[in-house]
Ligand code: HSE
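Have a look below at one chain only, the form predicted on its own, in C-alpha cells format.
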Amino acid sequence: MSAQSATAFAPASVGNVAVGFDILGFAVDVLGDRVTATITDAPGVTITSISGVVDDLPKDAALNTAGRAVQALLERAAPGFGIALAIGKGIPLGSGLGGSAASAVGGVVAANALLPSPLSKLDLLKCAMHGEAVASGALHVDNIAPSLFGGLVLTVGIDHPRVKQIPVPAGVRAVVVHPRMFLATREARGVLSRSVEMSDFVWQTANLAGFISGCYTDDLDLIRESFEDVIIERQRQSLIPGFAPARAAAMAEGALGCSISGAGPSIFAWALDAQADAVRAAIESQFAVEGIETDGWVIDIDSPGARLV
C-alpha cells in the first residue's frame, strides 16, 4: 500500500422516487460532496476541516455522518491505523437531496482506497448506513445506495441489503428543483403516520410494481399511470409551500410524474427530453409565486455514483 491520502466525490440523490419510500433512489450528479481521507498514526477518526455550502457541522466523528461511517469502516476492516477526514460540502443540508448520505458515502469511498484489502461496495453501503442514521435517526438506504452505485437503485433489506440497479427508458430525464429553504429530515419523518389504510397500501404497492415493470419494459404509459405517491406525499406536502401547484404545473407540461425528493423540500419530476425544460420552468414559476428562490436542473438519471477524484 502506497497511498496515504485519497479524495472521493459522492453525488446528491433523490430518495423515495415517489413510490418507493426508503427503498428507491437515483443519483443527482450535478451536486455532490468531496471527502478527503488521510492515514494517521492515531487510531480512530478525526475530522480536520468542513468547508463549502455548509461549514458548521459537528467535528466529533461520532456525531458526523462521514465520521460515523468511516468509524464503522475501521471497525469492520481493522487496518491498524486511523483516518483524518476533510469534508467539502456541495449539497445544502435539509434540502431533500441526500446531503448527509453523500458525506457518508464520500467518506467510506475515500477511506476504502487506503485499506490494504478494500471492502466491497455492499460492505461500504453497510458502513455508510451508520453515518446516515446520525442525521435521520433511522437506518435507511434510499439516498446512500444511489450515491454509491449511481443511477436508479432499488435496495431491499437493512441487515442484509440487496441492491438492484433499475434500467431507465431511453429519452427520460429527471428534473430536480431545490427551493432555497431548510427542512429537517427528522421533522419530515416525524409527521408521518405509523399506520396505513389497507386500500392505500394496495394502491401504493401496485404503483411501485407498475413503475418498476414500466422501467424494465420501456412502457412509458405504465410509468405515468404508476408514478404517484398516495401515502407519504399527502402527509408531507404541507411542509413545502407551493408544492401542490408546482406538481400540477409539472404534470400539465407533460411530466411522467412529479413528487417530493426524499424528505423535501426539493421536488423532482421525470419527463421526456423534449418536455424537461418546460417542466423545470413550470415548477420554478410556482415557487416564485410563493416568493421562494430556486435552483433547478435537468439531468440524466443513468449517472455514475461515487468515485475517486
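Predicted model only: the values in this text are computed from it and were never measured. Sequential numbering from 1, following the sequence displayed.
What comes next is about the form predicted in complex with the ligand, which does not appear here.
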Check your understanding: Looking in the predicted complex, is the ligand within 4.5 Å of a heavy atom from each of K121, G150 and R307?
Key -> no
Check your understanding: Of 275 to 283, 48 to 56, 34 to 42, 255 to 263, which is the one stretch near the ligand in the predicted complex, taking non-hydrogen atoms within 4.5 angstroms as near?
Key -> 255 to 263
Check your understanding: Just one of T155, T185, N112, Q71 has a heavy atom within 4.5 angstroms of the ligand in the predicted complex, so which one?
Key -> T185
Review point. Which listed residue (H130, R76, R224, R189) meets the criterion of a heavy atom within 4.5 Å of the ligand in the predicted complex?
Key: R189
Check your understanding: Is there a heavy atom of P11 lying 4.5 Å or less from a heavy atom of the ligand in the predicted complex?
Key -> no
Exercise for review: Could you confirm whether K89 comes within 4.5 Å of the ligand in the predicted complex, counting heavy atoms only?
Suggested key: no
**Study point:** Exercise: E233 in contact with the ligand in the predicted complex, heavy atom 4.5 Å
**Key:** no
Review point. Might D22 be said to contact the ligand in the predicted complex, defining contact as any heavy atom within 4.5 Å?
Key: yes
Point to revise | Heavy atom contacts to the ligand in the predicted complex at 4.5 Å, residues of 139 to 153 in sequence order | key: H140, D142, N143
